[in-house]
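We begin with a single chain expressed as structure tokens, specifically the form predicted on its own.
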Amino acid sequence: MLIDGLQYCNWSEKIFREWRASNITAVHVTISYHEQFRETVSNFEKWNNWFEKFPDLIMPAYYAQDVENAKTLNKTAVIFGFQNPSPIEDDIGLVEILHRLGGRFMQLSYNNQSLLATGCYEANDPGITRMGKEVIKEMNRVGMVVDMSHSSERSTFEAMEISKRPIVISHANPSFWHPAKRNKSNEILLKLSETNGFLGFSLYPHHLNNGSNCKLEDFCTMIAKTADLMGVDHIGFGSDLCQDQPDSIVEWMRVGKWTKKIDYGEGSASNPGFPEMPNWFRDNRDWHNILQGLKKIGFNDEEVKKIKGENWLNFFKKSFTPISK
């Protein structure tokens, strides 16, 4: 079982076939960045059309059982998530509606301050807002996972304290390895493991040691050190892969509708677009390189199985089902 905890590719039959060629069991797909509710619904419609057009390749997953069914049927299960709370606008009732549509993850902020929490690029971090506290409770109730991948330190700690269900950092790396603003401190990672939360390792070059020139052995060694810190049961992959996307999309990711200027965010003025991927992970066809790399540095077969997918599946089992009243 191979599960990727975050992708935002330029979706196509080509990518769906590459998923199957690599035996990818499930992918958490970003269905909304800055889109509000109605725009997000339109994105669900697009995916419904793809499910109808490519039923031999992909299927929607609403619960862990759907992921297991996809494995049996030799399909890739698609799990939906939002990288920003924009889809709920300022209406807490939309949390349940979006969960019914298939939304299973929602970030409380995307780099900037939101109505719910503070993003990692803000100078000040007042923590989870009044609305944020109520939305976390509602997400817990319906079975939507709190994701703090783009959030700042205090907000992330408070989310773990407020949430009655484990949270995720679906796509980031430890800051001891690379100091990107989105990468997470040892203190956060320890708290995440103590609360049965989950970390998905990112392959986005701005989060990697030496960027696009990161070595596979270095990446796998980082995973081993994080496993020592958190325990092997709390980690997996969240590649943040943006395969086949044009540079205009990364600009839209960073600026949305909140500014008229170009915000380079995790890039730089000299490299505003997508950075080149490491040569050992060009796209979805190269997962085998990472799995071989993990074994080479000392992970046994059982540990590799956990990291590549079993840990995510166990997390889904605990997280997607609504709490009975």
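These numbers were taken from a predicted model, which means no experiment stands behind them. Quick note: we count residues from 1 along the sequence shown, nothing fancier.
If you look for the form predicted in complex with a further copy of the same chain, you will not find it shown, but the lines that follow are about it.
- Contact check for P55: a non-hydrogen atom falls within 4.5 Å of a further copy of the same chain in the model of the complex.
- Using a 4.5 Å cutoff between non-hydrogen atoms, G93 counts as a contact of a further copy of the same chain in the model of the complex.
- a further copy of the same chain is not drawn, but in the model of the complex it has a heavy atom within 4.5 Å of R141.
- Mapping the unseen interface onto this chain, N69 falls outside it, with no heavy atom inside 4.5 Å of a further copy of the same chain in the model of the complex.
- Partner contact region in the model of the complex: 100-108, out of 100-108, 207-215, 160-168, 247-255, criterion any non-hydrogen atom within 4.5 Å of a further copy of the same chain.
- Contact with a further copy of the same chain in the model of the complex, defined as a heavy atom within 4.5 Å, holds for exactly one of Y33, F281, F274, Y62, namely Y62.
- With the partner omitted here, the residue from H288, R38, K296, K261 that has a non-hydrogen atom within 4.5 angstroms of a further copy of the same chain in the model of the complex is R38.
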